[in-house]
Every structure is written in C-alpha cells, then in structure tokens.
Ligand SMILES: Cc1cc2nc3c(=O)[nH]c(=O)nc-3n(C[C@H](O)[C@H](O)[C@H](O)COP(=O)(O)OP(=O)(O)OC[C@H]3O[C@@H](n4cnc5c(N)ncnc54)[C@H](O)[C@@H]3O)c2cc1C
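Starting off, we have a lone chain in the form predicted alone, written out as structure tokens.
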Amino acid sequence: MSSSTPQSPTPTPQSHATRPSRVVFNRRVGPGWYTLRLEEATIAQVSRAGQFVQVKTADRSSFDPLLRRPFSVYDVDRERGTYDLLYTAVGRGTRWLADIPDSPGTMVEVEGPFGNTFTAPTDRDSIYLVGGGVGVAPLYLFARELLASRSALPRITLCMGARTREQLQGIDEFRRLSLRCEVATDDGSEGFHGRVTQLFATLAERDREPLRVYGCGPQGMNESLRAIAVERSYPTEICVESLMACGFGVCFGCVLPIRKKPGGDFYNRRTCYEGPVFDARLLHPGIE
C-alpha cells in the first residue's frame, strides 16, 4: 500500500469449523488482565496477525451467553500447536474465561480464525505499531511475524498507550523483541504523559524514512490515529475493534460505514468479513 495506490489488507480463507481447544494455562498478568494459552494445531498453524477467533464462553451444555466472543490472536507457537489470547475480565463472557482454572486439561469451544490480515511493509519502510488496551494483541503477533520473515531486522517502533503503568499489558513481551518500545500513560506514571497518538505523532514527525503505520486500540485511539494518518498521508492500517455475533459475515451485526476506495461513498461493510483490518483512509471519522 502507498499513499497513491490503495491496496486492501490481505484477505484470508474463513474457517467456520468448531475446534475444541485444550487449555494449557490461564494466567492473570495484570489488574483484570489475563493470557489464555490454548492448544489446537489447526488454529495455531493458520492464524495470522489481525485475525480473530470466536470463543464460546459457557460450559459445553449451556447456551448462556448465547453469542460467542471475539478475541484477536495474540501469539502462536506453530511447532507446539498452541495459540494465546489476551483479554480483560469486563463482562459475563470474559469473567467466565477468567474463572477457568490455571491448569491444563479444560476444553474450550473455538471457531476460526476469521478476518483478514495486515499488509506486509516494504524493506525500506520505517514501521510504527500503535496500540492501546487489548489492541496490542494483533500488533504483538505482527511484530513477531515481521521479525521472523526478514533476513535484516526491520525498523519497528512500538507506541503503546494505557491509563497507568500497571495497564501497559504485554510491554515486557514487546521489550524482549528487537524493536524500539515507547509508552504513553494518561497519568504520566511511565513514559510520555498523554495520549499514545500524541506520542506517535511526535516521533513520526521526526522520522525521515518512509513510514508505514499499523494500529489497534479503543475507539478514541483509532479515531485519533485515523485523523493523523489522513492529515499527514501516512500509509496506515487499523484493526477495528467491534462486537461480532457470528464472525463470518452472515448476521450483519458488526457493520460499519466504510468506503470501498479513498474519497468514495460510505457503505455498510462487515467488520468481521471485509475486515477487521482496513486502510485508514476508508474509515469513517467516527469509526464506530
């Protein structure tokens, strides 16, 4: 993708099969934050950064809650056949997940992976990953994919935002990778005092290399990142967070006003099927 020739993020085959996944561990990693590692060889093999799975957050014999919950794939180990989900316990479904014992053996019903993936950058790009909240999940897997696919290490800068330093979930994992990590906190308890998009805008303005930007976070962050990208003509892709009932485009419950080409009309497009990764120029200023 370049600022003059739009390209769509990479489409991927959709998998509707239910794949029982075995719990390897379910660990609390911060205030209300958890990492769930599941074992299922097919999902681990085919999942790519930006994609998500739909998890049944209820016992096998129960349909309450009825709808499955979407989670971005946070990491994969293709050799061991495992994949990780990063989540916060904020509702009935995620609280059910948090109650799963931190011991192997429990089975969880999972469908997927669904959705498209990020577009690969060129070798000359200076890459920025901008994330907040659970939006860091697809960015971590993408960073690992980029580092594993290049003979020479790409120039990658992570900009992670959170309310406080305790909410910077996953930052230690990012810091173990060969990339630059910059953080922003609303209360100034670590790093830049302010919003993560303000931090990104400052760093990017100083960068003299061609930029390519990838983002994922809460609505406000995505809106702000979109505005900066459009104003400065940064090639940018944003992984949109949305509630998804089915995950594969049948129910039309996750539609958003999204253009098919820059400057075109807005259409109701399915986040789960046409996305969740979109060129920032195609997104509505309100995004959600």
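In this text the structure is predicted, and so the values were computed from the model without any measurement. Numbers follow the displayed sequence, beginning with 1.
Only in words, not in the display: the form predicted in complex with this ligand, which the text now covers.
This chain appears without its partner; in the predicted complex, the one residue of Ala162, Leu86, Cys159, Ile156 with a heavy atom within 4.5 Å of this ligand is Leu86. Of the candidates Ala227, Val29, Leu243, Ala41, Leu243 is the one whose heavy atoms come within 4.5 Å of this ligand in the predicted complex; the others do not. Contact annotation for Thr94: at least one heavy atom lies within 4.5 Å of this ligand in the predicted complex. This ligand is not drawn, but in the predicted complex it has a heavy atom within 4.5 Å of Pro70.
Although the partner is absent here, Leu211 is not a contact residue: none of its heavy atoms lies within 4.5 angstroms of this ligand in the predicted complex. Taking non-hydrogen atoms only, Ala152 never approaches this ligand to within 4.5 angstroms in the predicted complex. At a distance of at most 4.5 angstroms from this ligand in the predicted complex, all three residues Phe52, Val90 and Val134 contribute at least one non-hydrogen atom. Stretch-level contact check against this ligand in the predicted complex with heavy atoms at 4.5 Å: of 170 to 178, 70 to 78, 193 to 201, 104 to 112, the positive one is 70 to 78.
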